[in-house]
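Here we start with a single chain on its own, the form predicted alone, put down as structure tokens.
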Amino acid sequence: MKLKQLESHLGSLQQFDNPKIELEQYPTGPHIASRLLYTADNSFGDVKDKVVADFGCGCGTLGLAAALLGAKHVIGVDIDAESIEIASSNADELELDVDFIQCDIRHLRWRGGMVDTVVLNPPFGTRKKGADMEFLSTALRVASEAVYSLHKSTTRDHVKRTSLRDYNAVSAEVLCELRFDVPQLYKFHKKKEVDVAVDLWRFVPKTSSPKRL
């Protein structure tokens, strides 16, 4: 599937009707989501025929992108029941077979080796400090081959240092910097849309070996 076609499919997905600020629910736009998964698949071979998990899946955008690109099996995990319902509906609309689980990522007890690749757009950690790193820590514990994650560019040094020192990563690489469009979803938002600079990261856990182009 070509990049433009993937982005078009993702652009048709239903998003949050009543987003929850305490969970930092912001939709992952089709532009960023398509490029994250397309890069993971075409540059590193981390999607097609792989078991892929989408942590904090929200409306399912990243996980459904993985399914569209030929993942062997996709599992979406989110703490919010409403998000799981929307994600399941989106999967049905695209006629994709994806499993969705309602669970707090911090309580996930999966063993390493169950999942090849984890993709995630974690909370930025602005409402709950460190929430982004909790997601990343769990992802690196679970994934056997690679983790792809989005983090604010202002946290770049911290993310790299902590992932390599504390979170079982053997490599941590920023693949590119992207503009994350944050729409006017909550009352405290004064502008219709704000652009936030985010890094697209690829992490390799110590149980795997780095891949190069």
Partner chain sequence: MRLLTHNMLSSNIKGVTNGFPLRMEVGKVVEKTVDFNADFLRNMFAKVEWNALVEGSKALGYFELPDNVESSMLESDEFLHKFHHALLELHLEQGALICPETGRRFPVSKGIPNMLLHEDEV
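Everything quoted here is computed from the prediction, not taken from an experiment. Positions refer to the first chain, counted from 1.
In what follows, reference is made to the form predicted together with the partner chain, a form of this protein that is not presented.
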### Close approach of residue 49 to the partner chain in the predicted bound form, 4.5 Å, heavy atom
yes
### Message
Against the partner chain in the predicted bound form, would residue 113 count as a contact residue? Criterion: heavy atoms within 4.5 Å.
### Response
yes
### Query
in the predicted bound form, does residue 72 have a heavy atom within 4.5 Å of the partner chain?
yes
### Query
Hey, in the predicted bound form, does residue 107 get a heavy atom within 4.5 angstroms of the partner chain?
yes
### Message
in the predicted bound form, does every one of 79, 99 and 103 come within 4.5 Å of the partner chain, counting any heavy atom?
### Response
yes
### Query
Heavy atoms within 4.5 Å of the partner chain in the predicted bound form: which stretch among 49-57, 30-38, 171-179, 147-155?
49-57
